[in-house]
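Take a look at this one chain, the form predicted alone, written out in structure tokens.
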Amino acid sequence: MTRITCKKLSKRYGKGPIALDNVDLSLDTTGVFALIGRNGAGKTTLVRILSTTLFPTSGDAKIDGVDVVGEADEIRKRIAVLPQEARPIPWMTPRELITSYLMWRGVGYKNAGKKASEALDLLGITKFGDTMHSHMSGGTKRKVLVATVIASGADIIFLDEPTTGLDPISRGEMWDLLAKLKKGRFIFLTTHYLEEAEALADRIGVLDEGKLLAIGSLSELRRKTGYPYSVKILQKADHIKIKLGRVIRGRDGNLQVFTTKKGADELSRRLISNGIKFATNPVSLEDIFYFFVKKKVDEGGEETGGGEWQGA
């Protein structure tokens, strides 16, 4: 089985802050792997290294044992990449764009045209096949770009924040599409939309300030927090003693308690008796993200960077 592996993979841009910090990663290339993190967490840097467009500062990365630096040409035959900054060429139609891309990859003209038609049909945008990109909505343009990499037939596809900037309806349509496309190929997805990762991913990685904090399925990540329930206290409650769990103070000043079912039941009763507003739920991916990021800050001192979080 094809695998993606990274060992102590690091990247520093010049004398600036480190973008990737000794990342160790081992992935079976099946289904969808979602890498979540704030802007500036290092997600795009990791994708660029794995897709051979950026050299690491140290460490190594391989796909099925093939080194991404020393054997980059071989890697490029196996992958297709949709960069975060990708845009369709305005004066080309989707059919022209996909056909040209496939010919650049070495596919003959006739076969490239056939594959372009199949990809347009697969993504449900055949009716736009001969329309200039300048006359399309943002959501349709993103679908065209996804169709382009899908048409390659590559077993491994990197999608770097493919739904950024889309409206909620277009984003939902893209989620439905990616859920279908993951059958028979591996999709490495980066996103800062937590709902996106929760809806699509078979495995999830949490990256913050270049450090891979946790990795696993959603249920595995829940177990790694050690607590299955979250109690969010929605007003000041400093006089309430928390007997069981881990307490995190959110950016809004409210308290969030990671705890067991017994702890959640007991705390809920006390909050009710004191007339304090709260919400109790199973631990969500958003909770998991903040749990691991806060844990890193607690263990390593004050937080020193990272971009603004834009969870959906």
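This structure is a prediction, so every number in the text was calculated from the model and none was measured. For every residue, the number given is its place in the sequence shown, counted from 1.
Heads up, the form predicted together with a small molecule isn't pictured, but that's what we're talking about next.
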- prompt: Should R38 be classed as touching the small molecule in the predicted complex when contacts are defined as heavy atoms within 4.5 Å?
  reply: yes
field: Touches the small molecule in the predicted complex: T45 (any heavy atom, 4.5 Å)
entry: yes
query: How about T225: is it within 4.5 Å of the small molecule in the predicted complex, going by heavy atoms?
result: no
- request: Determine whether any heavy atom of A19 comes within 4.5 Å of a heavy atom of the small molecule in the predicted complex, and answer yes or no.
  value: yes
task: Only one of T131, T126, Q84, S217 comes within 4.5 Å of the small molecule in the predicted complex by heavy atoms, so just point that one out.
output: Q84
